[in-house]
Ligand code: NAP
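To begin, one chain is listed below as structure tokens, in the form predicted on its own.
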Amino acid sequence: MSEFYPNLLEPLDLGFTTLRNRVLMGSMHTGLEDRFFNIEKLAAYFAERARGGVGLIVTGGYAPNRRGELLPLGSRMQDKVTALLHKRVTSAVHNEGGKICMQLLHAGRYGYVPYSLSPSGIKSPITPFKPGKMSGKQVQSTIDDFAKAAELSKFAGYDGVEIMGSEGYLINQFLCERTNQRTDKWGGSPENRMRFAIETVRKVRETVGKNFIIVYRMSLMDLVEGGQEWDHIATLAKEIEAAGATIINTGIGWHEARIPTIVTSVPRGAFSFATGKLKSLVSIPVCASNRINTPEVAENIIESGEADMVSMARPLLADPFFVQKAENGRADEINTCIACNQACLDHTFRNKRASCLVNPRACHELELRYLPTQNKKKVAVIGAGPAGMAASTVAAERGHDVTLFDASDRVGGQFNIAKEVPGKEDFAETLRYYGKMIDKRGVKLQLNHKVEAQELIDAGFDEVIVATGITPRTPGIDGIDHEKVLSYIDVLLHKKPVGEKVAVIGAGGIGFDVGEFLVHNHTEDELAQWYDEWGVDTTLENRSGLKEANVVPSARKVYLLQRKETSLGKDLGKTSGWVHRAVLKHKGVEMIAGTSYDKVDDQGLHITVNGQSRVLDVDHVILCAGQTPKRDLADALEVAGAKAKGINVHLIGGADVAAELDAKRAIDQGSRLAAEI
């Protein structure tokens, strides 16, 4: 047993097999599952996590039949040809000492296919097609298909399966009156609604035998109207155990729920209380999930008795060696998941291959490799923001001689601003990680140093990577120099005082961040406030875990303005944008589209909307009106003839493209460049 995190890293005896620790890599669809020609990439992806020490891996969801697909021609486990392909995945994991389960997931009405099926023909609000109502024969054949898929998984070498019974997919749809309005033996009473889940687990156990892991992922809080009551969940858990499940994993909320469960503003471990309540009801191991992203949080959950295991999906995208680093006392080297969703879930819901903002190698292990260089170069990186930190640490890891310059007194660039936004405190973890990597990999860090072009030329650098970032754009508005006008940097970084009435110009990601900063009510118990404001019932006495939301009013009157006539926040992240829009709406922020900015004076901000003039009586106007690339150094290098002198100059990050502040692109670009030079 490791001296570090002894509860988290303690082996878990399942009777017929033992897991090397209590970490379950939760299921997450990456896009690699859907095409047979990506099987080697999928194998490499899972093998790296197994090498990193995770106790049990669960794959993305595989449908047991065609009608259960998430998308047309999506991932399925329905024949031996597919199972034979998957032997490459299971062998790769087993060769690294790991164990792996295939998740069996029938999408039900969440399928993006015109042939989807559900207990009742009720359309989902998040998918385009109305599902067909399953006949009694189709219900029974689907149970058989789950069992066949499990048998094929066993043939493929998987150590078990996870049966997806949460997040609003088919099994969860059977359990809730919201989506199950049947009057036959599969609907009506709670006992009838549970029958599909119980019979599926029982049939799978009969088919695969005793020595095979069955994880059942159970929805503990549906967080939607018409969801389950806790008493019914408790009864189901006992029945699932009796039917043959080995482990109960936790699911929180449906995809259509209007309460966030996974975005960065959700407090760490916010839902472990529900797992704790379930744990006392069953004798098989219970696994906590959602926003568990550090070994400290995971250790505390297990030590407190709230769970036997913890599920982490995105944290193992961010760092495949999470467990190994924790075990070796190197937790400060973990590349922590910041729950931004930008490269993982946002990609998945756009049918793109998933990756990770802080780890571009995730799901690209065979394409993006940081191999030792055979041609050591002297490399200068100017700018220690996300792009510069990524480029310098990867280049140094490969063996180059790297110097990182920044005119500021600290690394981080725009991340130093982002971490000040309520709910984005985890961005500080990325700065901690890169700070550690800069030191560990021998990057020569020179802060408070505004480097000049001739200095770089004289120093004999072979490669100069310009990552100098952006300059906030100042719009041409009459009175823009008025004392009422501040930039977002003034507010978030320099903490300049802001009045009680504020207009924010620009409704992109930065504008929304500033809006949330202005309306947030800081309290001694931020967690309790979060539960109250989103309407989460921690007693679980109310159906679906819902209670009436109690939003603390904003102390400020805030206007959020944009020139475009489209809805504000329309272009924010697909899986997190709705949360930011909801926060500002709940706090009473007045959002105004199609705005012309006339002038700023002592009266406030003069605007015109739909041909009507209006004066916003505000104390301050905060500019979030975009950015321009900061390329003065790159231009100076060109003028000084750097290329003719044999110096390769590269532009990355905001200095290359400044549209919004795209850390995903910046880190990816910096990492890929450093992998090539």
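Here the structure is a predicted model, which means the values were calculated and not measured. All residue numbers are counted from 1 along the displayed sequence.
Separately, the form predicted in complex with the ligand exists; it is not shown, and the next lines address it.
* Contact test in the model of the complex: G511 vs the ligand, heavy atoms, 4.5 Å -> Residue-level check for G511: yes, a contact with the ligand.
* Asked: C624 near the ligand in the model of the complex, any heavy atom under 4.5 Å?
  -> Heavy-atom contact with the ligand at 4.5 Å: present for C624.
* Asked: Does at least one non-hydrogen atom of P475 fall within 4.5 angstroms of the ligand in the model of the complex?
  -> So P475 counts as contacting the ligand.
* State yes or no: in the model of the complex, is some non-hydrogen atom of S124 no more than 4.5 angstroms from a non-hydrogen atom of the ligand? => Judged by the heavy-atom cut-off of 4.5 Å, S124 is well away from the ligand in the model of the complex.
* in the model of the complex, segment of 224-232, 435-443, 244-252, 498-506 with a heavy atom within 4.5 Å of the ligand -> Answer to the contact question: 498-506.
* in the model of the complex, which of the listed residues (S116, N290, S75, Q342) lies with a heavy atom within 4.5 Å of the ligand? -> That would be Q342.
* To do: Tell me, out of K424, H400, K279, H364, which residue has a non-hydrogen atom within 4.5 angstroms of the ligand in the model of the complex.
  => Contact residue from the list: K424.
* Counting only heavy atoms and a 4.5 Å cut-off, does the ligand in the model of the complex sit next to every one of S153, F212 and E239? -> No, the candidate spot makes no contact with the ligand.
* **Within 560-582, the residues that have a heavy atom no more than 4.5 Å from the ligand in the model of the complex** => If the 4.5 Å heavy-atom criterion is applied to the ligand in the model of the complex, 560-582 yields Q562, R563, K564, H580.
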